[in-house]
Each structure stands twice: as C-alpha cells, then as structure tokens.
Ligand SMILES: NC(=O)c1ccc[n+]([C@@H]2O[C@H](COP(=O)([O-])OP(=O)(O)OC[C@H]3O[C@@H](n4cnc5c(N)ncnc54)[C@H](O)[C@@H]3O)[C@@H](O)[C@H]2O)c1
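Okay, here we've got a single chain as structure tokens, the form predicted alone, with questions on binding and movement later.
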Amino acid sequence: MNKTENQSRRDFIAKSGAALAGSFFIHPVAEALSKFDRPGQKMKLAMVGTGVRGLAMWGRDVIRAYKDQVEFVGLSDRNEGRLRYGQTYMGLNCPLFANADEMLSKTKPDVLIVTTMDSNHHEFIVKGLLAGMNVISEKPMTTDEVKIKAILDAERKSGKKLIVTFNYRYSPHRQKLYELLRAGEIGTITSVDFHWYLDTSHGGDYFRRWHGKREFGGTLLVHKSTHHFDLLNWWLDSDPEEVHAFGELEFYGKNGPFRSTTCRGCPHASKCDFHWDITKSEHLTKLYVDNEKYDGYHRDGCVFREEIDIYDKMAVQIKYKNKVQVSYSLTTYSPYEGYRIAFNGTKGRLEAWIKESQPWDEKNEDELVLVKNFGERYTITVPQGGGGHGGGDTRLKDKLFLDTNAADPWRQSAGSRDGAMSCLVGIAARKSIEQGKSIKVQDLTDIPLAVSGRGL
C-alpha cells in the first residue's frame, strides 16, 4: 500500500470513529442494569438452566471475573443431578431449586439469566419479567412467533427489560464492519452475500444434541442462524421485510450409512468418522452421563439418528425495508469453519473471509478488504480480542457486569426487539421451506417494521 493509500485509510478510519463516538443513547443494558454501578452494591443473579453454556460462560466465568460486582442467589434446573454438579462446578453455596417459580419467589434476584433449551426460553423469560426482574437470555430469544409475542407482551406489562446476549456484535472485526458501513465507505448498501460454514466437528455436534429436533431448537435457522441474522439486521440498520428459503436434510440423520442410539456402545464406532467418546471428558461425564437417569437425555446421540428432523443445508433470500437484498447460506458439514461476507454498495465493496477453525492457517487477526469503485483497494487488519467468539464474550460481559453505563456508540447492546427480529428471519425461513413460498415478516409480528431500526 502506498503513502496515499495509507493516508486515505487513516482518514476514513478516523472519520468512522469520530462520526459515531458521540452517538450515545440509552440502550437495553443501561436501562436494565444501570443502578448496579453504585459502589458496594452487588447485582443479585439467579440462573435457570445448567448445561455447558450456562455453567461456564454465565456461571463460573462470571463469578471469577466479576466477583466484586455480582453474587448468585439461586440456581435452578429440572435435572437434579446436573443441578448439584453445577453448584460444585461453579463454586457456589447458594440455594438450589428444581422449580424456577420457587427460586424466583424466595431469592428475589435483580436479574434472571436464562440458559435453558431454546423451546422453553419464553417460559422463564416471561416468569422473570412478570416477577419484577430484568432478564438476560441466551440467543435465540425463542423459537416461534407465538412465543415472541408472549415475551414482548410480558415486557410491556412488567416495565422490566430483556437483554439478549448477541456476543458476535462485540467482536472487534464485526464492530469494524459496522463502523465502515456507517461511515459510508461503500456508499448506499445495495446487497449482501453472506455464507457461513460449520465444520464437521462443530456442525456435527448440533446433530448429537437436542438441537437435532426442531421442536426443541426451531431448526438451525433459529438456533444458529439468529446469530447471523442479528448481525445483518445490525449492520444494515433496517428491518427484514420478506424471506424466501430452501433447506434439506441430506447428510446427517436418516442419510447416514449406519446408526446407533449413542456413540457409547455403538457397533459401528471403528468405521464412523463422527464417533465421539464423551467419557474422555471428565466434565461432560459428570455433567451429562452421570445424570442421564434423571431425564433420559444423551449428550452423545448418534448424528445419524432417524428422528433428526432439522435441515443441514439452508439457503435464504432476505429483502429488507431499506431495499437491501441478502443471499445467505448455512452449511453444517464443511471441512473448515468460518464465513465469507461481502457488502455491495454504490461506491464500492467491503468484504471479509473470516476463518474460525482452520488449523493450517491460525492467526490472531482478521482482515477486511475495502474496494472502491474504479480501482482503490485497502486491506484493514483487525486484531482479535481475547476470549471466545473473537473477543466478543468478554466485551459483552464487561458491559453487562462491569460498566453498564458505558456509552454504546456502535449499538451493540441488544434487547427484546433485536431478539425478536433475528428470530423472525429464521422463523420466516423455516415457514418458507415448509410452505414453498415467500413469507412476509410483518405477518408474523405486531412490531411495526421500519426502514431504519436504529433506536426503535
């Protein structure tokens, strides 16, 4: 890159930062949690759901990093074995509850964290809101439009707030994409090409677990893709209007050459590329294997089980209110993990090829490429942040538990509207596949759709 290009790059990066640095507005985290910024006052937390995600990211990691800011007053799960192990794993001495209603009434937390199966997120979100507390929910917020309405109605009625943990928004390179788009570096955005690849390890793992049944996870168009649809809604600053999709189950499930119930005891173990010995992990054995007797859940289910009924390849077309057209796809059996994205605009193109799991090409930085119409090309290197999801996990939790009143110039804090809009794209895509036609998002919600979603 020559001197002129270097200067141009510095100019537009500076411009993007300056344009947005002062754009603070009251965001969901500040509205919900700002009172806990007072010295000496700890945020009282309770959590329902003791799976891997809850116990690690929202349990032990939070206790270790924010012990001066928070305290857990209750832990709940319907599986009493996982509940007891979760208490030990997190290092807690708080009360345990098989019944979440009892936990909420007896412990009266300031904030309820929901990390249960997707299909019953709504149950506990609504209970928490109506019991007078703010709620932090893992994504996806829920799995269908009826449950979305129940959540929004409860939030309106209670006056409390729901925060949805879209950690991808907080990773440095995704923030930089947002900055450059808002700064107008490619002019008016007209279309987006967005293709996500799950490798055979991560992708295959969804088909071992409860996610392989649409009744529990709403298909990966809801459980996984809502991450990606939220990024699109955020980057494009507009609401999705119409969705058309295709999807098939052609690799996992009934398509396998052989099958068993679980990997343990499978007669095909020696010839199955997906065979996985859960007992090699002491943590997973104590959490899941030792507690199967309570609910019958097998964490190491066969990826070729006949009952799997979700899609393993998906292609989605989305039209936004601001006329941006998106082509999105998700593949669940790729040899590598990551995504390609390109934003096309009236003045150029902004693209990235993000490698999340490629052992032959490990780097601690991500590259974005900005190409101006008629010749100028810039490569922008963005260092990865520390922690999971490209640095997003730590930055998200810092906002939630350390500095809730910090300005949010990039609009990374996500509330119920963000959670709903991301789910609605996945729900519309699922309905489109089932019904063989385009689905209007407005037909699924009472949220007024807007050309710009900022601040709504």
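Since the structure is predicted, the reported quantities are computational estimates derived from the model, not experimental observations. Note that residue numbering begins at 1 and tracks the sequence as displayed.
The same protein also exists as the form predicted in complex with this ligand; that form is not shown, yet it is the one meant from here on.
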- prompt: Among N134, T115, N233, T332, which has at least one heavy atom within 4.5 Å of this ligand in the model of the complex?
  reply: T115
query: Of these, E185, D110, E242, E138, which has a heavy atom no more than 4.5 Å from this ligand in the model of the complex?
result: E138
query: Thinking of R169, S238 and G419 as the candidate spot, does this ligand come within 4.5 Å of a heavy atom on all of them in the model of the complex?
result: no
task: Quick one: find which of 138 to 146, 249 to 257, 368 to 376, 271 to 279 has residues within 4.5 Å of this ligand in the model of the complex by heavy atom distance.
output: 138 to 146
message: I'd like to know if Y288 sits close to this ligand in the model of the complex, meaning any non-hydrogen atom pair within 4.5 angstroms.
response: yes
Close approach of N120 to this ligand in the model of the complex, 4.5 Å, heavy atom: yes
query: Heavy atom to heavy atom, is F124 within 4.5 Å of this ligand in the model of the complex?
result: yes
query: Quick one: does R174 come within 4.5 Å of this ligand in the model of the complex, counting heavy atoms only?
result: no
- prompt: Using a 4.5 Å cut-off on heavy atoms, what residues in 210 to 237 are near this ligand in the model of the complex?
  reply: W210, H223, H227
